[in-house]
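Read the single chain below, which is given as structure tokens and is the form predicted alone.
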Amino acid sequence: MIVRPEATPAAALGPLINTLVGPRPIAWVSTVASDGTPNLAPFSYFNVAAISPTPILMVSQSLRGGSEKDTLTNVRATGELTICVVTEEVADVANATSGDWPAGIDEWDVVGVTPVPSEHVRPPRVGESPAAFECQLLEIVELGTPEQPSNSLILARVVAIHVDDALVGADGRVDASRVHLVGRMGGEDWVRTRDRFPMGRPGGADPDDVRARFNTR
């Protein structure tokens, strides 16, 4: 099967790509409107863009019914956001905050999660999430055109990272086995990340050794 994007309706192209590109981590994004109204919503088009010299996270948001989502509107207005991680323990409640509700609905109140004040930005972090990134807006990249608007890519500079002490091992590092992250696949499928396996990179290994192991042609 060969799929040409320009000849494929978005309703078919989206499920195809979402099924093949995954698992996608979840950004549980907390923002505050210019009038102080809080907003909380999950996004699966999320990843790390850079680590050094400043950590940069990226969140891509599509339109909803032809209009911007509250998260994007708030980030444009204030330049601030807090991104909390989503684990198995909070996956259900995080998903519940994705409801198609009008502006002004307080998702924090609807699902009953705890807002914890951030140190450097106004949007609070979710107390039930074991880790969070306080972020300031670096740039918003529009991925569409005025004639055909599409996603808006938020590039956010990390200014503080909160980690629950329960996730930290004796060596002072976060123990990945204690962080039960979840991700999105296609459709309504989610995935757990407990099934892990180590695999080192070849680095400076002799190409002939690598060829002898893999190349059977």
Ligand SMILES: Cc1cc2nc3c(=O)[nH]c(=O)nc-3n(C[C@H](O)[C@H](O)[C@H](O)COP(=O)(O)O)c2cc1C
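One rule holds for the numbers: they count along the sequence shown, beginning at 1. This one's a predicted model, so the numbers in the text were calculated from it and none came from an experiment.
We do not show the form predicted together with the ligand, though everything after this point is about it.
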Contact segment among 123-131, 137-145, 99-107, 76-84, judged by heavy atoms lying within 4.5 Å of the ligand in the model of the complex: 99-107
task: Answer for residue 64 alone: is it within 4.5 Å of the ligand in the model of the complex, judged on heavy atom distances?
output: yes
- prompt: Does the ligand get within 4.5 angstroms of any non-hydrogen atom of residue 60 in the model of the complex?
  reply: yes
query: At the 4.5 Å heavy atom threshold, is residue 181 in contact with the ligand in the model of the complex?
result: no
query: Might residue 71 be said to contact the ligand in the model of the complex, defining contact as any heavy atom within 4.5 Å?
result: yes
The ligand in the model of the complex - contacting residues of 190-205, heavy atom within 4.5 Å: 190
